[in-house]
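Just the one chain here, the form predicted alone, laid out as structure tokens.
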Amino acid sequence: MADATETDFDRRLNLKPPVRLTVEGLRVIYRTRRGPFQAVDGISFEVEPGTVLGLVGESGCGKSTVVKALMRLLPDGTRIEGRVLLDGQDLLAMDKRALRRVRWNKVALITQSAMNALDPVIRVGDQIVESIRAHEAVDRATAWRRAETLFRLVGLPAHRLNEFPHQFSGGMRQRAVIAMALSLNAGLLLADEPTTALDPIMQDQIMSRIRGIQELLHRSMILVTHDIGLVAENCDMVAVMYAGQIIEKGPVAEVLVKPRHPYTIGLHNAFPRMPEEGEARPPLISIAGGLPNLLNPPPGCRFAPRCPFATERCRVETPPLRELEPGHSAACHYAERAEDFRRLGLLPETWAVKEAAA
């Protein structure tokens, strides 16, 4: 196969459309010495072309496992069930050759640890060139010029391509990882905690850069984070995870302003926010307790042991994820009482009762 010219190569990349992702009943079960560990339990969601979905929840809830399952990067022996449709093609049913054609070309990953993602003994530019040439029949000079374009896009001087990862700051390494993920202009970007371990100013710069690129190139994106503020600023839709399940999902403005699940209400109250004019600064209220053991998950609602509004029904009957308003779903038996829950959830004593009982 003849190498493509730079002009043809760039034109072909620029013409790539965003993709539609549909996840149906995704389950991920790790094999451990103590038995099967169900890290993701039957979740379903969609990412419309050109939109950003925020996947949010506390550490250990299964967010990163979802992303790795989409890329099929989980350890050998892990059982994955369900369907992951990328423009109608099931990623979970593909053989290795077909999957190789999809990775980086249609779906790319921005990892949360830039230092671990880059080889310390190879120049950063060479790593980007290698990723391009592994999937496209272009010569080294064309791939290097593409790398220069990508560095300018993420705000890095092109001459830094000749340097090694240890010569970059943390923020620069993260930008280099973003450049690598964008190397083939994949239709879907998976951003797994892309601002982890960065200071707030650098976090804002990185996220502004990612969102700007997403809007410029009209890419679809999943942003995995525990930070509700990042979701509010950067996402169109949000899915809230708890203990391997999606417990609420819908438009960001609906879910974050009028949450219907007690866990989402608790997350909202635990995040710093500016007070309204004339009122005192709202207190930060933590949710007592921790995630349940998914080697032996409790019956009923998995949030019930930490929920101040739980009843006996919650402890024995699993609530389905049901649509309450167009596009807005929640898995709570008492979601219709959400307005009362939001009002009571603003009181620290509401959650302290549960803490005392834990």
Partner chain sequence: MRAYILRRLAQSVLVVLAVTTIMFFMFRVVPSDPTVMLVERGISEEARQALLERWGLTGSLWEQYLRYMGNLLVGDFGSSFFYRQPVWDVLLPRIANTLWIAVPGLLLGALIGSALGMVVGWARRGGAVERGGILVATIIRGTPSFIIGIALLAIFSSWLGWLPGFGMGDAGGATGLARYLRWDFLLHLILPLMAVVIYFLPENLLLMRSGVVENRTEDYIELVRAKGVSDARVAWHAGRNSLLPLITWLFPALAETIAGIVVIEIVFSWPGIGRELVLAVTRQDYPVAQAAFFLLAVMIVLANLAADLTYGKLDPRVVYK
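Keep in mind the model is a prediction, meaning the values are calculated, not measured. Residue numbers count along the first chain shown, from 1.
There is another form of this protein, the form predicted together with the partner chain, and it is not shown here; the text below is about that form.
Each of R100, W104 and D119 is positioned with at least one heavy atom within 4.5 Å of the partner chain in the predicted bound form. Look at 143-151, 87-95, 228-236, 160-168: in the predicted bound form, residues with non-hydrogen atoms within 4.5 angstroms of the partner chain sit in 160-168. Using a 4.5 Å cutoff between non-hydrogen atoms, R306 does not count as a contact of the partner chain in the predicted bound form. Within this chain, A186 is remote from the site of the partner chain in the predicted bound form, having no heavy atom within 4.5 Å. When contacts are judged by a 4.5 Å heavy atom cut-off, L73 counts as touching the partner chain in the predicted bound form. Not displayed here, the partner chain is approached by E130 to within 4.5 Å at the level of heavy atoms in the predicted bound form.
Listed residues R83, H218, R209, H135 were compared with the partner chain in the predicted bound form; H135 is the one with a heavy atom within 4.5 Å. For the candidate set V255, A191, M241, M180, a heavy atom within 4.5 Å of the partner chain in the predicted bound form is found for exactly one residue, namely M180. Residues of 222-249 that come within 4.5 Å of the partner chain in the predicted bound form, judged by any heavy atom, do not exist; none qualify.
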